[in-house]
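Next up is one chain by itself, shown in structure tokens, the form predicted alone.
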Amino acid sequence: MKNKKISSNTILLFITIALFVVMYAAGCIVYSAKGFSHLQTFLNILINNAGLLCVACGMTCVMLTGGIDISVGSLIAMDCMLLSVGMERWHMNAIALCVLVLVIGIVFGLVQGFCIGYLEIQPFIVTMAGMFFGRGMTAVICTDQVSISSNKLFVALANMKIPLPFGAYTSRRGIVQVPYIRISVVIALVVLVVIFLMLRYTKFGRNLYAVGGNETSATMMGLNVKKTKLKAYVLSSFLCSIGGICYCLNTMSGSVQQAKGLEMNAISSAVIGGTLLTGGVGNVIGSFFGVLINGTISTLVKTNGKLLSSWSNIAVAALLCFFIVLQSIFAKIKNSKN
């Protein structure tokens, strides 16, 4: 059974990676004159989606258990508003605010995880309540759009450029452009590596797969299913708060409407990356390429300049349907062999 799951996961992952390579290569060919082939274009995709990558890693862990979390966009909006108002109007320390945001994420996940794991309420209902609560608390903190400009530490971190020793090019004006990444990308990549190692080599990671694969079998094996679900949602909300900090570093502002629809981007990234909606199969490497595909589609639409931004949503919807159909096909093949 395990080998079949690994083979299905591997096939879905290869399809996702191949799709990203083909899509990005096509962009480099078609829009080479507009600089799409430059390394910085790829790095900008990482920069713009650093927060989403953190959220997608947490979403993958939740979906591995067969659950879902639609509260992540609202939690990010609340985090960004708290950071913005805290620094600009309450004049609080940036580090203290970041720690507070992480603690709020843990508490948020504990409440949702307890309701889902121990009270056995449907994840969609619980996280929908969390979504409404997050949006409501964001408005309670402040209804205006608040931009961060006075906190020197946070502004310095947001503006920090980490140059890369390769990929430099000369622009049309004769200026040498050195590729760079932001601190948010470093944070997101560290999260990706840590969660990958956790899922692959720890008991908790194996428990997530076992619970999502067959909850009844996991219980008979002696696994604490309720505790595993609780930990999964705590981890998701904690990573979401890390993503909220990265998101705020990129936007340098907070607003009630911020990160609207980000939960759907995270879910689509995980599904496109090969994570089954029924649980038990998936990995964060696939989700990483799912995030890259989402970012590449948006970048292609922007680079074109003539297409409406809504076309990126249409393209993602088509890909999502495609991968859901693939998942259904793999599930039927697996059932036919059993």
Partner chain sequence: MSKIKKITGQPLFLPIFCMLLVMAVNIFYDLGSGRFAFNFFTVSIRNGVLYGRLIDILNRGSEIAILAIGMTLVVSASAGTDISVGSVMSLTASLCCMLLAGYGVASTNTLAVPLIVGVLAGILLACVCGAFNGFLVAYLNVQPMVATLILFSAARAIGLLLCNNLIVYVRNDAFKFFGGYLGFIPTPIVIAAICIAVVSLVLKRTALGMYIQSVGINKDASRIAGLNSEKIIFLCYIVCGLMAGIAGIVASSRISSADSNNIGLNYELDAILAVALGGNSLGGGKFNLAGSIIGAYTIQAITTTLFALGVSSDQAPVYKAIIVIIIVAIQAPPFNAWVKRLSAKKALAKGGA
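Positions refer to the first chain, counted from 1. These numbers were taken from a predicted model, which means no experiment stands behind them.
The next section is about a form of this same protein that is not shown, the form predicted together with its partner chain.
Figure note: of the listed segments 137-145, 190-198, 95-103, 205-213, the one touching its partner chain in the predicted complex, with heavy atoms no more than 4.5 Å away, is 137-145. This chain is displayed alone, yet in the predicted complex one of 242, 185, 267, 77 has a heavy atom within 4.5 Å of its partner chain; that residue is 267. Proximity of residue 220 to its partner chain in the predicted complex falls outside the 4.5 Å heavy atom cutoff. Proximity of residue 271 to its partner chain in the predicted complex: non-hydrogen atoms within 4.5 Å are present.
None of the heavy atoms of residue 224 is located within 4.5 Å of its partner chain in the predicted complex.
In the predicted complex, its partner chain sits beyond 4.5 Å of every heavy atom of residue 238.
For the partner-free chain shown, 308, 310, 311, 313, 314, 317, 320, 321, 324, 325 of 307-327 come within 4.5 angstroms of its partner chain in the predicted complex, judged by any non-hydrogen atom.
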